[in-house]
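The data below hold one chain only, encoded as structure tokens and taken in the form predicted on its own.
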Amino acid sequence: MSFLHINNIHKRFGETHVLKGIDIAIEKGDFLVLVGPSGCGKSTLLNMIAGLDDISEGDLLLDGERINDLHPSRRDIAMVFQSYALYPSMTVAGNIGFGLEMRKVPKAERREAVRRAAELLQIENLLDRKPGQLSGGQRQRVAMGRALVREPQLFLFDEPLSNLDAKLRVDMRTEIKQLHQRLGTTIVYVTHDQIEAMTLASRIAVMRGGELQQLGTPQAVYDDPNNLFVAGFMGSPSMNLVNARITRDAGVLVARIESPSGDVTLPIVRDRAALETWCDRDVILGLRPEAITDPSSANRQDGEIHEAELEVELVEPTGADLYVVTRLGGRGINARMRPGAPLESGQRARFAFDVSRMVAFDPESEDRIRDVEKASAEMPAAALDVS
């Protein structure tokens, strides 16, 4: 049995249906990240797990116990808020130990628990300060310390890094991941930042409009998206999505893509059985920027490479990489090339496509076109379209 089971959860505010049958199950020690655009329902779901919002329909099970109607104080769950929610008149030590004090934990035991949490978070030298004397990152550590001392079954994080600057976000992200690895705790973490989701999670739940779009490991969600929304939302830069037509060339199933430089024909390698039924029909093809590169950088050992000559529209050096924009299927696409590649806007150049990483989507439903066997292995039965 899963440690946390969100079973067909619905949430309604009057006539507004905010969450529409969310099903998620994770094991003890998992790091689940709920990710999606603002207003998708991820924070509402977190509040329902914490007991701060009522559940309209469905069951919430923690370690086998149904906790729908259990008061938040009895759920053995600790939450770290976006705003830190520290008491300004208390010292750091007072803030960290406040929950234990309310639970009548003896003073000596409380002091030791605060010391251990402060040592773990490397804030021992801050215990006598007030929150107003701390930086944003230090306040976040204090908020985490207050959650840690309780030693709960489950930790909830509600966009805890959104108030920090870019560099501090990266530093705190690393600290949270290291903390999870050291303690082996179970965490549910909400963010709208898909880079945070990719770097922190052991499992990602992508949400949109109150519905779960995909649940899986970060790599599975990134490489094997269920639909156009997941493909476009996860990744920075996002997946290239271009219009194409499935056809045959000398008996080989291919995707033909219009280009100002001349049509590009890419052989179909992935989900070939499913795409056989799409012959002479239009699809949307997806390729990550790193699957389009310069020929000398192409992964010919593990991938299946097909080259085409295209016009360079824009060159964007980032230091570690060189992003090159060209045009296919009526859209600009990003290719990730080696830094220092001798390319300039307006010139024609060879691009190498790893077609083994190419995926296809139905333009009308926006769902992924998959081989049936693979879909059955990777998706819950209820999610399969068997029509």
Partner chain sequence: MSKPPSSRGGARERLQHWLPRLVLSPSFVLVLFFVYGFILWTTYISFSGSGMMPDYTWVGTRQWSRLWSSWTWGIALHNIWVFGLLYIVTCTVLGLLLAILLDQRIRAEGTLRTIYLYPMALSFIVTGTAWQWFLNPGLGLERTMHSLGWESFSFNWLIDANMAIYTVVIAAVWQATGFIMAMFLAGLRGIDGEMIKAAQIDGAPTWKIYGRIIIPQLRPVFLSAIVVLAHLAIKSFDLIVAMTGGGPGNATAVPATFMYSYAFSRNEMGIAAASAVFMLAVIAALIIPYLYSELREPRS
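Numbering follows the first chain given and starts at 1. Here the structure is a predicted model, which is why all the values come from computation and not from measurement.
Beyond the structure shown, there is the form predicted in complex with the partner chain, which is absent from this document and is the topic of what follows.
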Which residue, A166, M102, A108, V252, has a heavy atom that falls within 4.5 Å of the partner chain in the predicted bound form? M102
In the predicted bound form, the residue from P72, P260, G232, P295 that sits within 4.5 Å of the partner chain by heavy atoms: P72
Quick one: is R146 in contact with the partner chain in the predicted bound form, heavy atoms, 4.5 Å cut-off? yes
Look up in the predicted bound form whether L310 has a non-hydrogen atom within 4.5 angstroms of the partner chain, and give yes or no. no
Partner contact for N334 in the predicted bound form: the partner chain, 4.5 angstroms, heavy atom: no
Is there a heavy atom of L343 lying 4.5 Å or less from a heavy atom of the partner chain in the predicted bound form? no
Looking at 319-327, 356-364, 44-52, 31-39, which one sits within 4.5 Å of the partner chain in the predicted bound form if you count heavy atoms only? 44-52
Sequence-ordered residues of 122-161 touching the partner chain in the predicted bound form, heavy atom within 4.5 Å: R146, R150, D158
